[in-house]
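Just the one chain here, the form predicted alone, laid out as structure tokens.
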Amino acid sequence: MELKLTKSTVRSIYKAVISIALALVVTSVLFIATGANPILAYYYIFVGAFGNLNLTVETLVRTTPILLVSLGLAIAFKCKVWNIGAEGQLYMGAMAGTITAVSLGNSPLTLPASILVAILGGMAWAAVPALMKTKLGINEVITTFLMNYVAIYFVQWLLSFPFRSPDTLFPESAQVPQAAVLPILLPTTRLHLGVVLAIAVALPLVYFLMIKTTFGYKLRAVGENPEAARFGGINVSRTIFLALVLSGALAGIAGLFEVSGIQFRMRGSLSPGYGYTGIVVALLGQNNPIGVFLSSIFLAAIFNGSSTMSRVLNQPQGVVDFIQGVLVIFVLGSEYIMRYLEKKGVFKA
């Protein structure tokens, strides 16, 4: 059977490739300005991300929270609902799941119960701006962004006082019981079950939801033209609400997987900014689950490979943030760049 890509899909691929290429060109200028060879810099980033089995596994481990968060954001963004609060939703889901795991102890229900509660925690935190958006008409960009700070500081308070670990002096939770730890799938590595659940379960489910279901059609319809969607019988408010809470659910799972698969305690520094990185990934992937998956691997590789590049070439690891920022600029401008190239005949309109 011949696989045919639609015109819009091909166009999205072009936009993503152009955005990455231009971001790397601009970053190359930065490397040259600081006395580094950009070709060597990218080589060491690649080696640091995929140089051997352990490094490849670490890149996949890093991909997991980014993928889960960005899949959720893709659902919201497809509906033109700008959820900037995935970071806070991640923290609240992780905190709720950790409390559940520690409370239940070594029970057969500990892991599934903590995952369920993490989902509900992320959903509940996303439901607040969702209700404010649908019932009061308050802009979700403002509410979701500000609620990140509320969530992070609230979690830090919980870890400093009522849920502080009794066996350490640090503001962190007690260690989750063994029953809540995600099994390691490959000995001597950190490849845990959450990696497989994210790639083999969450990714196909979100793809099916967005591409093959009526709900996915509603997301696209509301995102393209809310008034036309309402005229066509779609409950716009309900679709927006569901898009936001589903986005929060996936962020909550991402947070718990970091606790149960990597850190084994809830900490105030759980995320290095996965909620914000997810925004870049969702935009770069054009809100398409497959594009989001590939973009997640790309950003995870940049994250992990930058430490090797930094050590070998004596460059700051802050280049990761620089690349992300430049990517956002070019992703947002990619439509205008494509139109210009089409006008010049580089691509067929």
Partner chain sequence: MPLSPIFFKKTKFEVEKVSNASTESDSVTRSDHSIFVRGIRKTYPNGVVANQDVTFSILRGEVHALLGENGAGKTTLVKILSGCLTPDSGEILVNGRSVRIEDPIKAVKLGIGMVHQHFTLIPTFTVAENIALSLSLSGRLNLDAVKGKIKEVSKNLTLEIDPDARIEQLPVGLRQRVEILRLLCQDVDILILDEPTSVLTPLEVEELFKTIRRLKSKGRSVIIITHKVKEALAISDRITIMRGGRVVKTLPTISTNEAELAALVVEGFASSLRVDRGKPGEPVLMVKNLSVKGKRGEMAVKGVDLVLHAGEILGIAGVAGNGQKELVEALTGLRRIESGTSLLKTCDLTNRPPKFIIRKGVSYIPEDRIRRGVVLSMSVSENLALKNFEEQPFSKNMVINRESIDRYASDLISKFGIRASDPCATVSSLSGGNIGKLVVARELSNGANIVVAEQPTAGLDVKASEAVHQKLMELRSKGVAALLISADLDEIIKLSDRIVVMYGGKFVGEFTHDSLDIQKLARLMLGSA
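Source: prediction; values computed, not measured. Numbering follows the first chain given and starts at 1.
What comes next is about the form predicted in complex with its partner chain, which is not displayed.
When its partner chain is considered in the model of the complex, only one residue from P166, P108, G233, P187 comes within 4.5 Å through any heavy atom, namely G233.
Judged against its partner chain in the model of the complex with a 4.5 angstroms heavy atom cut-off, the residues R11, Y14 and I18 are out of contact without exception. In the model of the complex, its partner chain stays beyond 4.5 Å of every heavy atom belonging to A179. Among residues of the shown chain, K218 is one whose heavy atoms approach its partner chain to within 4.5 Å in the model of the complex.
At the 4.5 Å threshold, heavy atoms of N225 reach its partner chain in the model of the complex.
Contact annotation for F170: none of its heavy atoms lies within 4.5 Å of its partner chain in the model of the complex. With its partner chain left out of view, the stretch that reaches within 4.5 Å of it through heavy atoms in the model of the complex is, among 225-233, 112-120, 263-271, 195-203, 225-233. Applying a 4.5 Å heavy atom cutoff to its partner chain in the model of the complex picks out F208 as the lone residue from 194-208.
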